[in-house]
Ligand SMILES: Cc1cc2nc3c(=O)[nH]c(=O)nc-3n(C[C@H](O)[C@H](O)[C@H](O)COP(=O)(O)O)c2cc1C
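Only one chain comes next, encoded as structure tokens, the form predicted on its own.
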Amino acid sequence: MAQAWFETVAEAQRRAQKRLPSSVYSALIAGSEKGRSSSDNLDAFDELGFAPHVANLPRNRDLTTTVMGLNLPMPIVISPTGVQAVHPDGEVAVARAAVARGIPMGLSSFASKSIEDVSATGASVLFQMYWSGTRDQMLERLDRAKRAGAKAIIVTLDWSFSNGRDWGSPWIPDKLGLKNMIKLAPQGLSRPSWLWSWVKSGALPTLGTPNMAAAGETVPTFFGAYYEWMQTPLPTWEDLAWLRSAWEGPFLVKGVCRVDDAKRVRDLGATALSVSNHGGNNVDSTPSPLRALAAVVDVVGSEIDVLLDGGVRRGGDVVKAVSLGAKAVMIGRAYLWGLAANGQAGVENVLDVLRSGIDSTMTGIGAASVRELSRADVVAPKDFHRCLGA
């Protein structure tokens, strides 16, 4: 493909917008209500600066780190995202890219591909669960993840309700019957390269969630799975302690912003937590995770691994988060842009862009290892940090 390679995540996003039908693209960029949180996720990174050295800069940089006992070639983990209809290969393409670059992959329980198919790529899968369904159903999902070789469990708590959006929510059908296909036809025809990729695959987006189906059950649609989640009472700390006790391996709690919640997560015996606001898709006006990161690190960072999820678009962003105490970052939209732009190769391209950006930033500030990064390497405005729940 001519000009397939792109040099920034921003260019991947531009290509994704040109390639995807408007409803699919709108689903990817969505935030809640006015979009304050999704905007702040990006703005916070722009507010941080660097304090670079100018001599004795390292000739070699060590980007490796360890998260939840997994050795990473750079401090990046692929965050779980649901129903990846941006490309026919979906999560399998992402998994292959993750294997090619040695990166662990979070796989959503709302994914369009099964954990068995994704694990077959050889990826280090971190299986993500919502508190959804009965305890027996959740135990069955944990057992399935274990049998498929999942390295860890991610329990996502930073999505309690998907609020309306001031710019309008995209129309997403429950399933692609004839009536809905006719309705979506103008969008598909306006993006012939995207449509042709599905025609060549011999299938159409099913919008199914195979990881939410028990053995022998019909695969629920996304909205079928969503309905189950909506009907499940929200978890208590006791519920989360039970879930933790049901999984013997590494256990990451996603969505912590407050220091009091961070302490409760630590006390559950969690291996890790991610500071996240679900990409701005939960309660609008929640501050950027980057603003809340340092306070969380200060209270639990010596006892469990702290990750950051939200707003990462370049290698310098990764360096900023690690300088504030994150062991690694989780990326979501960034790799989805790459997947939409060029499939597996596009995801690899995004990971390469981020790796190059981390390396060049570390060169410029004079850091030989990501493990040496500290708050002295960044410059923050006086009112930048937030300590929530102190």
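Computed from a prediction, not measured in an experiment: that's the story for all the values here. All residue numbers refer to positions in the sequence shown, first residue = 1.
Same protein, other form: the form predicted together with the named molecule, not shown, and the subject of what follows.
The candidate spot formed by R313, G332 and L336 lies fully in contact with the named molecule in the predicted complex, as each residue has a heavy atom within 4.5 Å of it. In summary, among the residues N281, T286, S132, T221, the only one with a non-hydrogen atom within 4.5 Å of the named molecule in the predicted complex is N281. Residue-level contacts in the predicted complex: of R101, K254, K113, R141, one residue has a heavy atom within 4.5 Å of the named molecule, and it is K254.
Listed stretches are 305-313, 291-299, 67-75, 145-153; the contact stretch with the named molecule in the predicted complex is 305-313, by a heavy atom cutoff of 4.5 Å. Under a 4.5 angstroms non-hydrogen atom cutoff, the named molecule in the predicted complex has P80 among its neighbouring residues. Residue contact with the named molecule in the predicted complex: N211 places no heavy atom within 4.5 Å of it. Among residues of the shown chain, A44 is not one whose heavy atoms approach the named molecule to within 4.5 Å in the predicted complex. S124 falls outside the set of residues with a heavy atom inside 4.5 Å of the named molecule in the predicted complex.
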